[in-house]
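Taking the form predicted alone, here's one chain by itself in structure tokens.
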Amino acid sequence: MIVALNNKCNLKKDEYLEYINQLDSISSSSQLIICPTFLNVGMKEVHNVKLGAQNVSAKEQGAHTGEVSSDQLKSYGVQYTIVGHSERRESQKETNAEVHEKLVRLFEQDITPILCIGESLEERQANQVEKVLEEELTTAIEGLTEEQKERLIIAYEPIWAIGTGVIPTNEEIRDVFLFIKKYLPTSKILYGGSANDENIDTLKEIKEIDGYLLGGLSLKIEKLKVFLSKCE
């Protein structure tokens, strides 16, 4: 089981150092991936957790103020990077084409992308889930090699479920996972969108889920421990 911890824009320096100390004490059979803010990437080594990042530039190193390139991430030991998170697609107006370029940059540095895809509530109500996911997927993976497609991790995050505590039914999630498998039959697929220590018992009934992308829960160590224990 893969469990990626997206800290988002949280944890100041001292808070992060304490957080890492707590993470280091967790024993789990799941593969944990910590994705802190850029300021905290590489601040302190975590022995039982892989290092990830929350974003990467679509550009190579150069005159791109405020950007962080894939080779810079590589130099800090980053092994995974979240790409195309719904919050960036919305607030930063990231396009599917830009997401594709980010995947290319990451694979150039042998960093595994965690590609986020998902639909809004309006799109689900309009029965456009598969249309939206197909557009996001096909543009993102265009031109990738079969080996790269196999390495690519997909995180399905229904936008309307993020931070709301409301999640799709197991049948709805399973249908989406099977749809994704049509394009990427060997890729690992994570579920994101209000997964927590209370609904994990229901979610774990979905055998197609290979892991989880956690946001708010990633910051709550005691609840995270409960979540991970239930994943066993």
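This is a predicted model, so every value here is computed, not measured. Note that residue numbering follows the sequence shown and begins at 1.
Quick note: we don't show the form predicted together with 2-phosphoglycolic acid (PGA), though the next part is all about it.
Select from the listed residues S57, N40, S194, Q54 the one whose heavy atoms reach within 4.5 Å of 2-phosphoglycolic acid (PGA) in the predicted bound form.
Exactly one residue meets the criterion: S194.
Within 4.5 Å, heavy atoms only: does L152 come near 2-phosphoglycolic acid (PGA) in the predicted bound form?
No.
Can you tell me whether K230 touches 2-phosphoglycolic acid (PGA)? I mean in the predicted bound form, with a 4.5 angstroms heavy atom cut-off.
Answer no; every heavy atom of K230 is more than 4.5 Å from 2-phosphoglycolic acid (PGA) in the predicted bound form.
Contact of G163 with 2-phosphoglycolic acid (PGA) in the predicted bound form (heavy atom, 4.5 Å)
Residue-level check for G163: yes, a contact with 2-phosphoglycolic acid (PGA).
Exercise: E87 in contact with 2-phosphoglycolic acid (PGA) in the predicted bound form, heavy atom 4.5 Å:
Because a heavy atom of E87 falls inside 4.5 Å of 2-phosphoglycolic acid (PGA) in the predicted bound form, the answer is yes.
Interface stretch in the predicted bound form with 2-phosphoglycolic acid (PGA) - options 143 to 151, 79 to 87, 124 to 132, 97 to 105, non-hydrogen atom within 4.5 Å
Contact-bearing stretch, as computed: 79 to 87.
In the predicted bound form: members of 1 to 23 within 4.5 Å of 2-phosphoglycolic acid (PGA), any heavy atom
Contacts from 1 to 23: N6, K8.
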